[in-house]
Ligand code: NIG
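Heads up, the chain below is alone and in the form predicted on its own; it's given as structure tokens.
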């Protein structure tokens, strides 16, 4: 494809960082350019002021560029949603109604609902049916500005059904224009047939599932739900150690429902991210701030479950790298809209708009180990979203509507 230039841009949010992440107070430094231009093909080739672009064009530098005037609109990197469960089956709307009546998530799970309810629906579904669900949610997420998305398994909890979910995620990757990353979350819960044999199920995860996943290249990461009533620290370290032997990087569902030291565990094993973190300790924050592990926060889940939000303000002040994601899933947060997560983070987690946007772009990419996403600087992928106006703060301020007018992925309008 030839070069294209966006001209007369009201504001460009570059998110540029030599370390491919923004941490602590630097999360406010998102690199805003006013009255700007961007030249790109599949990648960003140049970003600068409109005056410099016009000077270059006059000098013949951009003689073969197709120009598109954006007439004062805002351009930013596409959102990177680094934690979702969009490949699933069935509905848990009835559980939502029960929670509104005061029944806790844990009580519903103890009765065979929650994750196990979706497990039964997934086990009854084909790979194609699962993929159709994932494609639907991925394309919907793209309309709200998501250009890279991570998808987890974890609702099969058997060899056949976990592999079916992962193969469905592969079909989603083949059918949507977005970048799709895959995570094996077989350690999402203990299936009922192994309730009295936890060690037996962990052996199945490590000795039966992981070799096939590695042979077929079905996953980029391995994740474990580390919390009271789910997997212990020792089990987490064992499972993720085995996964590392097969080349899978580690993620951790950490300290969501209670404090168990999962954030500290994630740092010890060098996990790429620790996610949820509603109950993180001060020591966990300090450890994460001095590590490569990104803290991925999921405000939609706390909102939906009526739980206290993760302490984002304290995390950022401690120097952590903080990302935001939807956690789109059938039980605790059925939303694929990253704009809504940004608004929740600003209003209920005391993040600034700039911090929330950095968390949704460059830091989401860091939570997936991607260095070519989440920034608008030369050499990065031309994944861009164009707002319907110039004021990027409207994403949080004017909530509940879609502010994205155009989505471009690898330099192509979607």
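Everything numeric here is computed off the predicted structure, so don't read it as measured data. Numbering follows the first chain given and starts at 1.
The same protein has a further form, the form predicted in complex with ligand NIG, not shown here; the description that follows concerns it.
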Contact residue in the predicted complex, from 329, 339, 293, 236 (heavy atom within 4.5 Å of ligand NIG): 329
Which of 83-91, 265-273, 166-174, 126-134 sits within 4.5 Å of ligand NIG in the predicted complex, heavy atom basis: 83-91
Contact test in the predicted complex: residue 162 vs ligand NIG, heavy atoms, 4.5 Å: no
Exercise: residue 155 in contact with ligand NIG in the predicted complex, heavy atom 4.5 Å: yes
Partner contact for residue 251 in the predicted complex: ligand NIG, 4.5 angstroms, heavy atom: no
Exercise: residue 255 in contact with ligand NIG in the predicted complex, heavy atom 4.5 Å: no
Heavy atom contacts to ligand NIG in the predicted complex at 4.5 Å, residues of 382-414 in sequence order: none
